[in-house]
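Below you'll find only one chain, the form predicted on its own, shown as structure tokens.
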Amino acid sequence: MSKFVYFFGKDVTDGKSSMKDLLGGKGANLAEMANLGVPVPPGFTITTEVCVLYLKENKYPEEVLRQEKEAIDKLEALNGKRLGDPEDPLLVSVRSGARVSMPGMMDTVLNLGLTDKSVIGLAKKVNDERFAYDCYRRFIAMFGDVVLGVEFRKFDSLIEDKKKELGVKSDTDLDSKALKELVERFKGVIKLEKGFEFPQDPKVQLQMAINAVFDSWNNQRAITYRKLNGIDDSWGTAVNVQTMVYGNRGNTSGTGVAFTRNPSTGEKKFFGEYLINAQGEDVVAGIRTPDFINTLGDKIPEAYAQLVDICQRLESHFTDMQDIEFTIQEGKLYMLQTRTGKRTAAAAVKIATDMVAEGLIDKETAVNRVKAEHIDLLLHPRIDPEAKLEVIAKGLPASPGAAVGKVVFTAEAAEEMAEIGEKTILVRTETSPEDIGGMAAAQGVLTVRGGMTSHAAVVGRGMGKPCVVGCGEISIDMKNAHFMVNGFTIKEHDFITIDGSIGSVIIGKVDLIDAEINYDLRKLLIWADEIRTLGVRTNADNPADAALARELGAEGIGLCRTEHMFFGEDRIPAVREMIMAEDEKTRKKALKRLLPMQKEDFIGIFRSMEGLPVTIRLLDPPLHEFLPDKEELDEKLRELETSGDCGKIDEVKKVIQRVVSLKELNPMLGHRGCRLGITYPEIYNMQVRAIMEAACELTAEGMEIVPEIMIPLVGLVKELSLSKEEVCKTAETVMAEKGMKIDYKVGTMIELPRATIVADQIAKEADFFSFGTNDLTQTTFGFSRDDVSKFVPIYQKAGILEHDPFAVLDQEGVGELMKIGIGKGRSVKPELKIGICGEHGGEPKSITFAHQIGIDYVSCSPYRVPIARLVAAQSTMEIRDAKNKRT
């Protein structure tokens, strides 16, 4: 018989922390805390399997309902109370709990079990009528919103009306009479909106709440969050039913959220916030601005000391920074949740390296703890310390980093602006889970209310978005689309800058600069290098990028695009002279002017990469790309004809004629790559001479130079053999002239489907392969990479494509062709060196796949080199562990 319901509580616990897939993270950790003797209010978890069954069939198997009833009976016996008892009612919370944390994305119901009769019994039992009706009005509003689908603002507006009527500012100022009136008004709203009375049977309430929490797995914000974080839609959520404890029982009660280390900086210091006389939702919803946790010891010292001790135990037990929720009820501490805490990129690296130093984890665990996106975020811009700026407000520094954008006041506006390429800052009174799409689309988030553990802060840190919260000086006027602060009026679409590291709000655009790799990150990446077996190179076309990439850990250049060198202002005239040439002699004359320029380029790059391999791709794009735009030429011709400058008219006409003659209907599949080198061999010969002269001169200085010459767009073995013959002839001539011997290689870019199919033939002529996955993706799909933005986003929304194939390597199609190419190539040359140098070389999923299929190295842009180093180490461990598991 399947077990669908797992109980947890003192001396009666079925689960443990390793059961996250079944019990969800919250349920598994509640069970683990109970096993450790931590004070946890008892309850039970309904498994993720039940969620999947319920969402599929819209009903439960009878066995689920039987086990659920059995768990309720056990919970009532353990508490000595019954659901709905008019004298002393048992009240419970109903919460979600996915296998990975999805903060605020699914629904929660608190104070379940209150009815018109039981609320009277509760008031008498605790001798506090105000408390009882405060719980009842909260329950009705939450149940109405979450379970019945009545907009929460309909209840919230009634509270605001009542406060205005009584002339009070805070919810806590409402007396029991006012709360009783609100209860009746809330029930009236439900009757009006739904056509039936608020349910008075607690067991009906409970089943409806369980259904609603399971249904919330598929609400829009949860779906969006899963898509943003790569969470599988098929997992489902567990539901946790737990005995209620109360932080709103006066000044010896409270509730809070805390972290065992600072989630923003990683500092080993207890960090968190709390509210006295409040329930948990008050803290995370940002409705009231909480106090910092270190002041709790002054107010409830015994509970605070116990809390600190428990948090230290939990961190040591789980060997990771913990995010905990707690409630203190009349001086007694209860732990409601522990989970691995979300953290900023800087904190992730610091915590990982610190825990190695503390002996909590080993280096491999530390490397696995840091995510590729953490590295990416650490390399994001920050405010230039030399910049002049005008700070107009200060809030709490909830998520570090700087962001510049146009002000928007709704999540929808942020998403719409992002679609047209506009950068925004989302400004809200406080964010809610419904804002998840807008938060993802915006560059940063600014809120008026909330603390360091509010929704905006937690989600912002998880996304790596700069975030400033609790900026109470701001007053938002939604009607007139602006906000006011300290005498300034900032309109919608005005630029502001926020600094999430110190909480500053700055008027206008501020210059940002790139971040630096700090000591902790360097240390972590050194550990990654000790683990990884996959090589990491860079794509670099100039000495500055090459030097930067080497500083960031690149082991050579996997792709140097020589065409980028041709676009300099001092070179374009010579390039155009070459293209305009009508015979080989004239063309060679122009190329002779380009030769010293190309050589200087290679000298600079070789110096930056001394001792490391440099793969240089010979000229690839169509020649017409180097000529002026025809529309611009036509305009210039009209101006000359108007002015009567006959001397230049003929010259412009000649250029127009050449542009027209070179124009191709599909230039990406036209006269480019090795086709260009074969029809105009003098172009490639000039480039090879520049490469070899640079290598010889530096070798004469005592440097070790490792040139690798790459022939692009090969689809036929004869293309490579002819091109290679020319390369070698020129290289040998230069070495003979210089009296030098350079160890060079000649290989090819595999970027056409045909090349993968005949890779065994091509390998006979190639010293190495490098997969050009940009063009291989283009030619495999038949997608123009310049035009995919018109339809790929629609494909993704429709589920036709999971990812943009130019961003994340298509493993099923392009990946299979790569496997064929690797297999065939190495069938001829078992030690054939193979790399990948398309944009996928810096994308984590693509790097892992490349490693799995036998690629020797990946090559990526300089700032993605640290990401590739980390992911290469993680994939090495993944491949090793999978192999060990099989054996």
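Everything numeric in this text was worked out from a predicted model, so none of it was measured. Each residue number is its position in the shown sequence, starting from 1.
Here the subject shifts to the form predicted together with phosphoenolpyruvate (PEP), a form of this protein not shown in this document.
The shortest heavy atom separation between Glu765 and phosphoenolpyruvate (PEP) in the predicted complex exceeds 4.5 Å. For the chain shown alone, Leu559 is a contact residue for phosphoenolpyruvate (PEP) in the predicted complex, at least one non-hydrogen atom being within 4.5 angstroms.
Within 4.5 Å of any heavy atom of phosphoenolpyruvate (PEP) in the predicted complex lies no heavy atom of Ile834.
Glu751 belongs to the set of residues with a heavy atom inside 4.5 Å of phosphoenolpyruvate (PEP) in the predicted complex. Across the options 420 to 428, 169 to 177, 156 to 164, 771 to 779, residues that bring heavy atoms within 4.5 Å of phosphoenolpyruvate (PEP) in the predicted complex belong to 771 to 779. Of the candidates Arg137, Arg617, Arg95, Arg261, Arg617 is the one whose heavy atoms come within 4.5 Å of phosphoenolpyruvate (PEP) in the predicted complex; the others do not. Of the residues Arg82, Lys724, Arg339, Arg785, just one reaches phosphoenolpyruvate (PEP) in the predicted complex with a heavy atom at 4.5 Å or closer; this is Arg785. Residues are counted as partner-facing when one of their heavy atoms sits within 4.5 Å of phosphoenolpyruvate (PEP) in the predicted complex; in 650 to 673 only Arg672 qualifies.
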